[in-house]
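As structure tokens, one chain now follows by itself in the form predicted on its own.
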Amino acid sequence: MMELISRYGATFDLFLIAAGFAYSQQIVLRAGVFSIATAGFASLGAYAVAILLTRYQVSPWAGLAVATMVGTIAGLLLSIPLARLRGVYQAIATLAFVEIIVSLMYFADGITNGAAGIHSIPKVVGTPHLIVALCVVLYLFHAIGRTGMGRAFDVIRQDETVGLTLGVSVTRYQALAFVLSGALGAAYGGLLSLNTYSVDPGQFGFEFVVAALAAVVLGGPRNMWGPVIGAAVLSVLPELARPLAEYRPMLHGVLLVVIITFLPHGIADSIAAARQNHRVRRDLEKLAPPVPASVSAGGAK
């Protein structure tokens, strides 16, 4: 067991961090916002922690708190212009936000050390910390799903007009989703810095955007366990495809096409829908009136 943990410990840590980024992505999709800004939030959090620790010798946990605050403020500010946009225009605007943040990381040499990134960050976050962080996030999402906030997110995603009719403030709840996404993305960006010793702008480019979105699409955009399942699949797949390393991008693409074709709602959402349909059929069978014995006997004849 210890040998297994030591062999795959780094992969397990990256899976836990990827699940956190996927939750940052899922919360905005659940509120009906087509945002892909998680990469930008993550880079803000990662660099905030790296700069505070390496230049100002700030406590890691204080740095993590500051990073979360930076992501929260960024999410709130980003929600203001995006309140006027919908659909693909929101996606394009958030992609532009990511490009701006990554460009700043490249060109602000005096602060971010440019393309070389920041290294020698103390590793103070290990597997136990990441497991606790994921449990906290799972509890948060469980709580959101059982409150009016979760129901408001679901109504807005399905039909904004119906939400307005029911008195749900679309602008307010979508801004709230951005704030939660920014806080989560930046917090996990900080955890990434504290786990991997270094950060550089190349970590938060287009590949990061695709990975966070793919984890949610694969796992399920609505189910609480969707990001965990999607991140697990995307983390394990490279290990399974190690002998086919040259064809790894092609395998990722094939997997995405297969799952989107046969499980368009993601793995977790499809399983949840199948279980709900089974329960409905079972309840209908219980409610159906019993067939009289004489009718059954006549039918048999």
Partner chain sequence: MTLFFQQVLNGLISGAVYALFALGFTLIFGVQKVLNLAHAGVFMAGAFIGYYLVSIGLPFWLAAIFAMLGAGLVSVLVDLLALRQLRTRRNAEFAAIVATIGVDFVLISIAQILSKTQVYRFPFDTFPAVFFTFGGLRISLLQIVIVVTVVTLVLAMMYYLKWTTYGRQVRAVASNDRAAKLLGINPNLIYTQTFFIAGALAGMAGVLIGLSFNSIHFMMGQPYMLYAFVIVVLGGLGSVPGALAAGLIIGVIRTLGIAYFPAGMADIVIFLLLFVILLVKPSGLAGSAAVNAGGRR
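Being a predicted model, the structure only gives us computed values, none of them experimental. Residue numbers count along the first chain shown, from 1.
Another form exists, predicted in complex with the partner chain; not displayed. Remarks below refer to it.
Residue heavy atoms within 4.5 Å of the partner chain in the predicted complex occur in exactly one stretch of 164 to 172, 147 to 155, 94 to 102, 126 to 134, and that stretch is 94 to 102. P81 belongs to the set of residues with a heavy atom inside 4.5 Å of the partner chain in the predicted complex. In the predicted complex, at least one heavy atom of L85 sits within 4.5 Å of a heavy atom of the partner chain. In the predicted complex, V257 approaches the partner chain with a heavy atom inside 4.5 Å. With a 4.5 Å cutoff on heavy atoms, L29 counts as touching the partner chain in the predicted complex.
In terms of contact with the partner chain in the predicted complex, the residue from I118, L176, L194, V217 that brings a heavy atom within 4.5 Å is V217. Contact annotation for the candidate site: F107, E207 and T261 all lie close to the partner chain in the predicted complex (heavy atom within 4.5 Å).
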